[in-house]
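A single chain, nothing else alongside it, follows as structure tokens in the form predicted on its own.
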């Protein structure tokens, strides 16, 4: 069971990183180039922080719901 939980955690982290890259890159870098402008860098930082906060809220709500389900599902 421990191995399955670890694999699930790794997959969740991979999904989070992929989604952050996809969503924040599209939003913050309209014309990719050789380097990031200060505005693009700030946008990426802010986007990543917000996305991770939202992910944590949703994950915590999901965990709470699973723990309170009397059927164990």
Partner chain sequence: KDLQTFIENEQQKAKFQANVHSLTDLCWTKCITGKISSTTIDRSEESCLVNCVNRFIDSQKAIVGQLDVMGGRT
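The structure displayed is predicted, hence computed values, not measured ones. Between two forms, the rigid core is the largest collection of C-alphas that superpose within 1.5 Å. Numbering follows the first chain given and starts at 1.
A second form of this protein, the form predicted together with the partner chain, is not displayed here; the remarks below concern that form.
In the model of the complex, residue 38 stays away from the partner chain, with no heavy atom inside 4.5 Å. In the model of the complex, the residues of 32-63 lying within 4.5 Å of the partner chain by at least one heavy atom are, in order, 32, 33, 34, 35, 36, 43, 44, 45, 46, 47, 48, 49, 50, 51, 52, 53, 54, 55, 57, 58, 59, 61, 62, 63. Annotation for residue 59: C-alpha shift of 2 angstroms or more between this form and the one not shown, rigid core superposed.
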